[in-house]
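Take a look at this one chain, the form predicted on its own, written out in structure tokens.
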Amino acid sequence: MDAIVNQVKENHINQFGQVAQVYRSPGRINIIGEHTDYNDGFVLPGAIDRYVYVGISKRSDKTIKLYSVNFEETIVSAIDRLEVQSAQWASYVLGVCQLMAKELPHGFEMTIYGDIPVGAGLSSSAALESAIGYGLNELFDLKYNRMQLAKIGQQCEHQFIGVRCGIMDQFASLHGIENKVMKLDCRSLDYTYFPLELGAYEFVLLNTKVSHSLASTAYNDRRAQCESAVARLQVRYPHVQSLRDASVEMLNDAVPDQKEQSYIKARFVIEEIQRVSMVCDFLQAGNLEAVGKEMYATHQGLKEMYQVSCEELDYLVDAVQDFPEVLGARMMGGGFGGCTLNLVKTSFVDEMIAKVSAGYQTTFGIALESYVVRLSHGTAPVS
């Protein structure tokens, strides 16, 4: 970490001639709870030890100067004329700035570096938004709390990037605690920490390195099918505001034809919301085998019921199921690409990666990427 912080500081001095205060914000994994957020359900994310770093120094005027180490690009703007940039990384920065503009007394210089793989479903964009918001909040003493900063990051996605995301990613990046996961209530935004003592096991991410074009259309379709099921439920159960309020028994009553897509999609979500609470109980009891079984169950549901998997993701999950050293695996995120999350015995990690990588390369002609991740603290200053 010290080497990266020094790299950011050196780049900042070279670009701007100023000494920077450096902040870092982590990416995230989600242990269980997919497609539950927009149904007012629960999720179980944790911050990971991959980060976006920002170095910031104050200016005396209203100018904003940005430098990306990863892209080797410089962008110049101003507080009173913030615009979305062709360089998307800069649009995240200026989007957050526009949401905070009334509170920003001066301009600033910012150097940005990240080691979170982009496009892998680890929320590099949310980490960037969180680092920017936190850094500006500290630099100018704006007095936002962490949940307010998470909402600013979410609004940046909605208004400037065009992604109607939930709040889980920004929340996880800002609220992470080492060796703990967070059960977030996506309706009330209440949250509870649960210990994640993995002992002889580790989380390993296998990156398909693919992103299929079905994702955005499928996401909208799934939301519509869930909303259709809620409308049917409300006829018999007026108190139901979302699938969070329904049980499988209620769904059976309200949608008798179990072959309807609205039934199938809603049933997955209802069962997935229940899985989050079950996994929390298993974590408290230290029952990692049961956690792993629920991970497999989630993947099966995402593949067969919610239908948001793809052949590359299915291959990676199928490839590890016969290894007793792998307790669980599943696709993670919106679907149609990104990573699988695997709970693997530490002594078997290298062997598993080697075996699965060889088969993946042969089958798809793609070099598999893998990352061992550990749960980390959330956004914080590091120098």
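Sequential numbering from 1, following the sequence displayed. Being a predicted model, the structure only gives us computed values, none of them experimental.
Only in words, not in the display: the form predicted in complex with ligand GLA, which the text now covers.
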* Structure fact -> Only one of 312-320, 52-60, 35-43, 66-74 sits within 4.5 Å of ligand GLA in the predicted bound form by heavy atom distance, namely 35-43
* Interface membership of Gly166, ligand GLA in the predicted bound form, 4.5 Å heavy atom rule -> yes
* is_contact(Gly333, ligand GLA) in the predicted bound form, heavy atom dist at most 4.5 Å -> yes
* Asked: Are any of the heavy atoms in Tyr219 no more than 4.5 Å from a heavy atom of ligand GLA in the predicted bound form?
  -> yes
